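Below you'll find only one chain, the form predicted on its own, shown as structure tokens.
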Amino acid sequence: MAERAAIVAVGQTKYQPNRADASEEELAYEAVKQCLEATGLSLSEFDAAVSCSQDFWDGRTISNMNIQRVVGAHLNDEDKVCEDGINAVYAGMARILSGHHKLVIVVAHTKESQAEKSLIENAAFDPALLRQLGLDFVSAAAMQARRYMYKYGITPEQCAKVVVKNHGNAKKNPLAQAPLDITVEDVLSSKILSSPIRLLDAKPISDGACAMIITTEERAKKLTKKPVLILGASNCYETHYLGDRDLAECEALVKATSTAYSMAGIRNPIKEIDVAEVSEEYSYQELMWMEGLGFCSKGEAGKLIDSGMTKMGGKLPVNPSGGVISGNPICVAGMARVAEAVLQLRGEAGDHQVKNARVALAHGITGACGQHHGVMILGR
């Protein structure tokens, strides 16, 4: 890219199982306020805003109307992304690179506690052919997990190691919702939600918000001593119908990854990426997505988790923040991955800091079985 976009500030709420004490507007502003305080900017200085929310979760149409005041949208430019938050970051980046905007605020919010998750997810399926089956993302993920584990010999124990690792990492992240000191045996003995997925294999219900400020590379240097550049970014959709693809594969992720790596000049991700924040709503997904991200060959992610390479202190730490499985809401999760990557690159991740992190990967998903993937490479 001739001109590059840069992130100069990030803000996150603490993720919690229920934030009935705050409205969507108040929740979003908790994250926005952190960004404003970090830069000394006011909302009136932004050229545009990009928000990420979902009508079903907010219980109203045009869900971004809930937060217009806290993103400076009055008499200004504001767009809503109704998918994962990484796409809102992508949209903010695109506004900067277009040359039409110089300063953009991006925010995502969701309160999963105020809705019935299964019913909302069921509405994502085709109304004529699939919705009546009662599918939700858990039952769909169970089919994908079963297919993936069968095709490549991935074991329940290897999936459980993801859970143990990420909840353990969450103990060092004060924003994480569910830091747990658990064992593989604890995961395997937890309640079955939809075989082979157990309670501890799945992310919890979560409320929270995330925000960040994106600007030009030139202006970023005036706003912060630690700007983080977006080196590459891409996203890609899979087919809508689950039966039209082999659920053991993640071709949309492979394509999005290829484009993002090409933009960033990444040829060997294991050697060139220092830390990765990967969206894993279910334990098997971290393994599957690592293959799609090129961290290992197809079917080899089980061996990767066994090797300890993705632990803190390993060659490529994955989800040092605790990941989605430790508690991030829909819509917010992918933006939280970007925010955590930014903290790592700025050396501000506290007790879950990866040493000498210079290049980071952030990843987000939308829909059943990873129907849509977004990949972003960031660097200092």
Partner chain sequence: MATVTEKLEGMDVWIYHGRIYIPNTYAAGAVGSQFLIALRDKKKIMGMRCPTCNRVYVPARSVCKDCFGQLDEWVEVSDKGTLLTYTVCNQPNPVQPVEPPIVYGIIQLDGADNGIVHMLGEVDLEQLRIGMRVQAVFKEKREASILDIKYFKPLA
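Positions refer to the first chain, counted from 1. Predicted, not measured: the structure shown is a model, and the values here were computed from it.
This protein has a second form, the form predicted together with the partner chain, left out of what is shown; the following refers to that one.
Contact with the partner chain in the predicted bound form, defined as a heavy atom within 4.5 Å, is made by none of 161, 180 and 309. With the partner chain left out of view, the stretch that reaches within 4.5 Å of it through heavy atoms in the predicted bound form is, among 168-176, 212-220, 284-292, 121-129, 121-129. Taking the partner from the other structure, the partner chain in the predicted bound form has no heavy atom within 4.5 Å of any heavy atom of residue 154.
At a distance threshold of 4.5 angstroms between non-hydrogen atoms, residue 274 is out of contact with the partner chain in the predicted bound form. Using a 4.5 Å cutoff between non-hydrogen atoms, residue 249 does not count as a contact of the partner chain in the predicted bound form. In the predicted bound form, no heavy atom of residue 268 sits within 4.5 Å of the partner chain. Proximity to the partner chain in the predicted bound form, defined as a heavy atom within 4.5 Å, holds among 258, 139, 190, 224 only for 139. In the predicted bound form, the residues of 217-247 lying within 4.5 Å of the partner chain by at least one heavy atom are, in order, 239, 241, 242, 243, 244, 247.
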